[in-house]
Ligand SMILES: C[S@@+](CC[C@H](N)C(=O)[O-])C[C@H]1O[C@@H](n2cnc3c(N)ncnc32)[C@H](O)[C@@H]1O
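The chain below stands alone and is given in structure tokens; this is the form predicted alone.
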């Protein structure tokens, strides 16, 4: 078992694999001016086990290609979408976001919550643009500084973990540089981090360690890393969050 296997085991039981919330997903959709009855072709990139995919499928008259590189997450998405009665609207795909199995100018909406960091924000918005129809909507969430000045500890941590972390103004400038028009922006609130993500994850730690006692050292290290991230958020939450960026292809 490698570290990726352990990550899958830790996160697959979680409703979310990162900060977010159904209300926030639907707020982003509202800012994107999506119409409930209008037929929409959507791709959800880095969909995980499908929290945003399912929320969109339940709300809109849409066809969603849900793409993640982990087959275990895609299989779990199928189970959850079936339980919610929306699997008929979803095409689950195991795929790489650097080589998306999508046709050029085929999408009304390209969605990526908490996933674009895997390819990098600017690379993602640049390379994914070709998949959107003219006037198509891009909705992504991205680790974002909420202030220009911050304590050194949190700056050092996140610049090491994700060198592209920056302020919203700089992210918006990148969108404009790549010929998108900003339709809306908002940072995720504390509930999206604690109630919806970190607290359920912390509740999983004990059973995860028991289930993976044969890999106790690696499992304990993974839990330790996640617990450190929780504590950093609690201490420095006024300085960073995920920013949700809603834009239109010009």
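Numbering follows the first chain given and starts at 1. This is a predicted model, so every value here is computed, not measured.
From this point on, the text means the form predicted together with the ligand, which you will not see here.
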At 4.5 Å between heavy atoms, is residue 140 in contact with the ligand in the predicted bound form?
no
Exercise: residue 158 in contact with the ligand in the predicted bound form, heavy atom 4.5 Å
no
Since only the chain is shown here, I'm wondering whether residue 70 would be in contact with the ligand in the predicted bound form (any heavy atom pair within 4.5 Å).
yes
I'd like to know whether residue 241 contacts the ligand in the predicted bound form, with contact meaning heavy atoms within 4.5 angstroms.
no
Can you pick out, from 83, 75, 118, 179, the residue that has a heavy atom within 4.5 Å of the ligand in the predicted bound form?
118
Note: exactly one of 124, 114, 136, 92 sits with a heavy atom within 4.5 Å of the ligand in the predicted bound form, namely 114
Of the listed stretches (30-38, 198-206, 47-55, 179-187), which one has a non-hydrogen atom within 4.5 Å of the ligand in the predicted bound form?
47-55
Residues from 153-174 in contact with the ligand (non-hydrogen atom within 4.5 Å) in the predicted bound form:
none
